[in-house]
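We begin with a single chain expressed as structure tokens, specifically the form predicted alone.
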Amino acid sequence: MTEGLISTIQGYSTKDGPGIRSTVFLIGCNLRCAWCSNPELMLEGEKDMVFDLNGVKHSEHVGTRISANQLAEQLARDKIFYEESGGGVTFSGGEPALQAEFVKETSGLLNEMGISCALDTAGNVPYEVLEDLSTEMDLFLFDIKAYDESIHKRCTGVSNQRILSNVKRLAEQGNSLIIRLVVVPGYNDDRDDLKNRLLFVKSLGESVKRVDVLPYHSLGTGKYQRLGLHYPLASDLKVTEECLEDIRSMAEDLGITIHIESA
């Protein structure tokens, strides 16, 4: 029985796949997105977040080690909600594919109980890892943060060549995909790159079941402070309505239906 390191389980989620879901947030990521709103999941290992409440210092421990069997049993308690809503369990992070053995074992146990599973990934792992996980996943939520490699490197610290190749191969193998396009002013909102991202999504064909556009938000700022880290972005960044309308127009011209999440 494998053991994994998780942060939290968000119950009754409606934004991480279809229906009502439980989202498991796993710790550890091999990207360093400038806008990351979950730095406690990006950084490896267990940690403490310190905050001030009415002048008194408090700390919150982040990181729980749990076996696949224990996690599956806990998640299965909400099976009736998954069944009635067409939902299930989503493994997120961080990058859940970095704990692939644990995720696969847990999702296999859930599948045996008739519970659908999804993987929310940035895709920066060997394809064989995703291919192996696909045997237990009904859906991949796949982030495409930029199309141009230089933009991607500047925003995340890594190349996107493997990422784009991986999502293309997942599509070719017939896996169901929800594509997520985060938009951050001054980082990955270049119009040509946004259009190229949409063109790439279109090339993935019918495997793409939904395209979500996620405008930047600064909700994670306080977490950096509690971890003693500098938040790298300006606090007043906001995606303009003009930019979102332009994305909507480009998508419409390409025959792509997009869903823009409220910032």
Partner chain sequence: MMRYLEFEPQNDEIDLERIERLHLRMQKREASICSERAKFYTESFQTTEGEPYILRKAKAFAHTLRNMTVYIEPDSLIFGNQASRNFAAPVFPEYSIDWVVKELDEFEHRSGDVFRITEDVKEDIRKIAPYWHGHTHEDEVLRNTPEPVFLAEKQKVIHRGGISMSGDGHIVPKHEMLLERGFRAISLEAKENLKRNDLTEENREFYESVVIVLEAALDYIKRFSAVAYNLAQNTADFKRKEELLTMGRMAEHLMEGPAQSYWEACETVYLVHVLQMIESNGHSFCYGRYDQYMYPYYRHDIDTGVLTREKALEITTHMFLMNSSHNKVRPYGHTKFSQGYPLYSNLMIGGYRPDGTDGSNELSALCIEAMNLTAMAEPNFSMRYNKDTPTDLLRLAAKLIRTGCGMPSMFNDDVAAKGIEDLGIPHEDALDYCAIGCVETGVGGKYGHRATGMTYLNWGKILELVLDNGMDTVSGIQMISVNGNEGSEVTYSSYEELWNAWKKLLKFYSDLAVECDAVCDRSLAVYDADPFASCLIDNCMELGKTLKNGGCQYDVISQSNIGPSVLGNSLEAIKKLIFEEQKISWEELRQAMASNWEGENGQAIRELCTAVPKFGNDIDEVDQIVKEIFESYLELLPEYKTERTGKGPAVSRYTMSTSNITSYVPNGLDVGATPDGRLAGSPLNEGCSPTQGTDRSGPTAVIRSVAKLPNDRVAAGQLLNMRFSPGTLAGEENLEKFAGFLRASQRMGIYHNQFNVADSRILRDAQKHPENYTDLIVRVAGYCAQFVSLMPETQDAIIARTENVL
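Residue numbers count along the first chain shown, from 1. Everything quoted here is computed from the prediction, not taken from an experiment.
Only in words, not in the display: the form predicted in complex with its partner chain, which the text now covers.
- Residues within 4.5 angstroms of its partner chain in the predicted bound form, judged by any non-hydrogen atom, belong to 75 to 83 and to none of the other stretches in 133 to 141, 75 to 83, 107 to 115, 165 to 173.
- Only one of 65, 32, 58, 61 comes within 4.5 Å of its partner chain in the predicted bound form through a heavy atom, and that residue is 58.
- When its partner chain is considered in the predicted bound form, residue 210 lines it closely, a heavy atom lying within 4.5 Å.
- Residue contact check for residue 10: one or more of its heavy atoms lie within 4.5 Å of its partner chain in the predicted bound form.
- Contact between residue 14 and its partner chain in the predicted bound form is found at the 4.5 Å heavy atom cutoff.
- Taking the partner from elsewhere, residue 20 is found to have a heavy atom lying within 4.5 Å of its partner chain in the predicted bound form.
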